[in-house]
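First comes one chain, alone, set out as structure tokens in the form predicted on its own.
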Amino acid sequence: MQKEIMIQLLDVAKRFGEVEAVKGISLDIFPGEFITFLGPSGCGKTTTLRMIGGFEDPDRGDVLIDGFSVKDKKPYERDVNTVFQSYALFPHMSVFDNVAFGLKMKKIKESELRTRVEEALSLVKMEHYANRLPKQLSGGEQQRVAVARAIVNNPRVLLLDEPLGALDLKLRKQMQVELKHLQKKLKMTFIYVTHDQEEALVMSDRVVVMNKGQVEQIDSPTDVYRYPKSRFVADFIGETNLLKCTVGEEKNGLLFLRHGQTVLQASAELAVGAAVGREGFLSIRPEEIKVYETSPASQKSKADGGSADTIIPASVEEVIFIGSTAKLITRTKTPEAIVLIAHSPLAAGSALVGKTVFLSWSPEQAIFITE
């Protein structure tokens, strides 16, 4: 059964002078979905959000809500509300009055207004702060009030433009969880903008990875991370090793890739655009590389019934403490002396500088991409 579509972007594009901020995006967004536009500064993610909200008019294409064009409708005429990074609270109004402002403009009767404001403040755990002014609140508390002010109007869609960007790391992580729980409880469609990869992976049902005004990949957080479809996505999402390779041959479900004189293997099934003679990049996440202090016996991958793991000797050049694991900067003992980053338990990695280790990964953990 085909999913109901709430919002459609139909080849929307936007230019500011000589800069083409958005180069033509088409996207379907579904009811109750938490979808995130992710990318570096200047990639077009906020401009796309603003076209959905009505703060920018597309130069080309259309924005549909429930199948009807809203291109000519003002922001207040669309069933959406926006939460900005700057909070945008009225400094002279109490928390209660800030949240109630939109309802007062709609001339909602007092009894209903009070009930809805109290419910909204309770949802964001701010019911005990109703009489305070914004200047008496922390950044996280002000952001909660901004969210309450947006949801009190019961919009079908909530647009959030880097709402946690001004918060410190610990509070930002806490608010990520709270916003996700709130979205699930309200069953409201959230369209979120961030440049923070971890934030997008933690919160989203789907992630729209953008670069230079275009969409690079739309997928679940798991698939965006594990199965990048372009070099940009592999490099931007998390950390990875990228090795320039040429496809030598395909055999028994494996790609044999040449990196100079070194031959590496990858799963043919997971490869994007692979063909014999094609140049591209092999992406291997550091956490997928196992580190051994002695050479492991030739291992077989049980995942596909017996394809051999890659095993390469390397010298450890640096060990960096990153918490529960250590980041090992290694250089392979192959003709090309490839620099590879691996994550290893700290106990195994703390005293390895200058020593030889053996790096190992299975073909299913190595993704070949051509773009």
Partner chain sequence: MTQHIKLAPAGTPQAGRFDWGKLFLGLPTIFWFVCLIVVPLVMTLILSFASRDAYGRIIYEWSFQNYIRFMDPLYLQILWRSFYLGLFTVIICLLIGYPLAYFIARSPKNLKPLFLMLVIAPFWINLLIRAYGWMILLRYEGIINIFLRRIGLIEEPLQLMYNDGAVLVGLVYVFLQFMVLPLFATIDKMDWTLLESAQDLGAKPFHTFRHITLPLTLPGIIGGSILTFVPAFGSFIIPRILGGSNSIMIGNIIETQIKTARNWPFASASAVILIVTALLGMLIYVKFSGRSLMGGD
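Predicted, not measured: the structure shown is a model, and the values here were computed from it. Residue numbers count along the first chain shown, from 1. Think of the rigid core as the biggest set of C-alphas that the two forms share within 1.5 Å after superposition.
What comes next is about the form predicted together with its partner chain, which does not appear here.
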property	result
In the predicted complex, residue 55 touching its partner chain (heavy atom, 4.5 Å)	yes
Distance check, residue 327 to its partner chain in the predicted complex, heavy atom within 4.5 Å	no
Residue contact check: residue 232 to its partner chain in the predicted complex, 4.5 Å heavy atom	no
Contact test in the predicted complex: residue 343 vs its partner chain, heavy atoms, 4.5 Å	no
Options 214 to 222, 111 to 119, 171 to 179, 75 to 83; stretch whose heavy atom lies within 4.5 Å of its partner chain in the predicted complex	75 to 83
Heavy atom within 4.5 Å of its partner chain in the predicted complex - the one residue of 93, 275, 242, 202 that qualifies	93
The unique member of 105, 263, 186, 166 whose heavy atoms fall within 4.5 Å of its partner chain in the predicted complex	105
Site check 50, 88 and 149: each within 4.5 Å of its partner chain in the predicted complex by heavy atom	yes
Heavy atom within 4.5 Å of its partner chain in the predicted complex - qualifying residues of 150 to 175	153
Core-aligned C-alpha movement of residue 105 between this form and the one not shown reaching 2 Å	yes
